[in-house]
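Only one chain is given next, in structure tokens, and it is the form predicted on its own.
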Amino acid sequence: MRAAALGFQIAVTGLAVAFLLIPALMSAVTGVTANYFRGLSSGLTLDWVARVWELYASTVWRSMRIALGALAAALLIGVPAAYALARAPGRLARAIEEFVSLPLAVPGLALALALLQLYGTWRGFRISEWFILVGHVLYTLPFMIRAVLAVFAAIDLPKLEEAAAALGAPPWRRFIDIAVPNAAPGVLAGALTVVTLSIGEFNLTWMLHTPLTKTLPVGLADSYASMRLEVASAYTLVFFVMVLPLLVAMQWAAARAQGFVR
């Protein structure tokens, strides 16, 4: 009976994995196939990848700049904010924490529309990368705050600060020497989450971008709409190459943070 149950679980897991991986593998293979309609018999080539880089390299670098900018903002704002919330337990702190997490409950299109209504008339800002960056910061900041808060809640931060204060450490030294080093696993997990989400974010960016500020996911949608299938698939391959290492690193960081919390 147990063997049958185990076999059923393995079969279901295998089907789920195949359901997820086969389309991705087919897209990757199409991106390096000389002619999709003739199949693999037409040969393999990297010409389509080179074509993608020729047409859309700017979207790749723009996505990287925005992701790094979102990461910088998340570190500068998120870590001190999490520290302040962890040091001020109570209803007000919990209410602020829920308010900060509000963008997670709001669809990206709605958040983008709110930004357009607020800043849409600022022409220089509206057509710049900074406009998209603001949207990405609003979208990703809660992930950094929650990741760091989880670690602060597990290390009994008040006791550590009391010990440091008894030794004469001022508040800024307690933050730098006690809070930040102990929160490192959460900061790492939050950082990888912010970068990964920013690079792959589409809905919000689609509303905020202009023809001169396309990001990688927007360029990917554009390639599927206007280019040969091989070009679009090669673009998908480029996207996988960029995102998959980040996803693996994010899983590793999350596992390390979970082990640290335990």
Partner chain sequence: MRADDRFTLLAALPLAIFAGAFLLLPLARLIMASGEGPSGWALYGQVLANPRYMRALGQTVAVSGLVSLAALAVATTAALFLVRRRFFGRSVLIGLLTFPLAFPGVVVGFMIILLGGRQGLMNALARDLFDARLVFAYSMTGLFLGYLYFSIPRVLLTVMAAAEKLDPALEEAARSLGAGPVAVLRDVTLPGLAPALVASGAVAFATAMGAFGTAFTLATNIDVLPMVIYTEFTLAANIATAAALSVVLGLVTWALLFLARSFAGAAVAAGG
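All figures in this text were calculated on a predicted structure; none of them were measured in a lab. Positions refer to the first chain, counted from 1.
Keep in mind the form predicted in complex with its partner chain is missing from the figure; the text below concerns it.
- Using a 4.5 angstroms heavy atom cutoff to its partner chain in the model of the complex, all of Pro80, Val106 and Ala232 count as contacting.
- At the 4.5 Å threshold, heavy atoms of Asn35 stay clear of its partner chain in the model of the complex, well away from it.
- Its partner chain in the model of the complex comes within 4.5 Å of no heavy atom belonging to Val49.
- Taking the partner from elsewhere, Ala4 is found to have every heavy atom lying beyond 4.5 Å of its partner chain in the model of the complex.
- In the model of the complex, its partner chain lies farther than 4.5 Å from every heavy atom of Ala189.
- If you take 214-242 and check each residue for a heavy atom within 4.5 Å of its partner chain in the model of the complex, you get Pro217, Leu220, Ala221, Tyr224, Leu229, Ala232, Ser233, Thr236, Phe239, Phe240, in sequence order.
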